[in-house]
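This document opens with one chain alone, in structure tokens, the form predicted alone.
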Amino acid sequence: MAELRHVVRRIRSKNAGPFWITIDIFCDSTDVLARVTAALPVERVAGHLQLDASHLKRFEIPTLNVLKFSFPRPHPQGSLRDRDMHGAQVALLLELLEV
């Protein structure tokens, strides 16, 4: 097993509007995508991000070798309690997961 950051090309997170965050996991091949997809079920990612699994949406895009997760922001973008205006720091939380 290896850390996710050493297996994939790139992991990024970003705003998906003011109420959602999306995490994109870019893989170099279909084999890597299959490995990552098998290792990251919704329940595991939700638990790691401390989210209710029913709020986490998963999208597999095999034509681009991409796995995406989207979830509602805990606070609207730019609000007083928002700690990550661009949603860019969430990706760091997945980098050390073993796959």
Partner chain sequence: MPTRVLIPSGVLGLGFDPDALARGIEVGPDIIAIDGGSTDSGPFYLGTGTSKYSRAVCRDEWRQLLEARAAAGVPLVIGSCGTCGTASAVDWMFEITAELATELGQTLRVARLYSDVPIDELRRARDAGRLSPLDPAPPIDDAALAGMTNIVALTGAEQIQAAIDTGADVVLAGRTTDTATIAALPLARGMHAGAAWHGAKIAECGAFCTTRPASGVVMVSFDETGFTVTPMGDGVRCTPQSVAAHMLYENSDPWILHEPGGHLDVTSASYVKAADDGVRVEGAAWMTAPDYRVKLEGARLAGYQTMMLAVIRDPRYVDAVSDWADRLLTHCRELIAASLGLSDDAYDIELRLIGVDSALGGLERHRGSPVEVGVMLLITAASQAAASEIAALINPHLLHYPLTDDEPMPTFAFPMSPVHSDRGAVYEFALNHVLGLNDPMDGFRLRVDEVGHG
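From a predicted model like this one, the values you see are computed outputs, not experimental measurements. Residue numbers count along the first chain shown, from 1.
If you look for the form predicted in complex with the partner chain, you will not find it shown, but the lines that follow are about it.
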item	value
Contact test in the predicted complex: T37 vs the partner chain, heavy atoms, 4.5 Å	no
Partner contact for I61 in the predicted complex: the partner chain, 4.5 angstroms, heavy atom	yes
Partner proximity in the predicted complex: V66 to the partner chain, non-hydrogen atom cutoff 4.5 Å	yes
The partner chain contact in the predicted complex: I11, any heavy atom under 4.5 Å	no
In the predicted complex: members of 21-38 within 4.5 Å of the partner chain, any heavy atom	T22, D24, F26
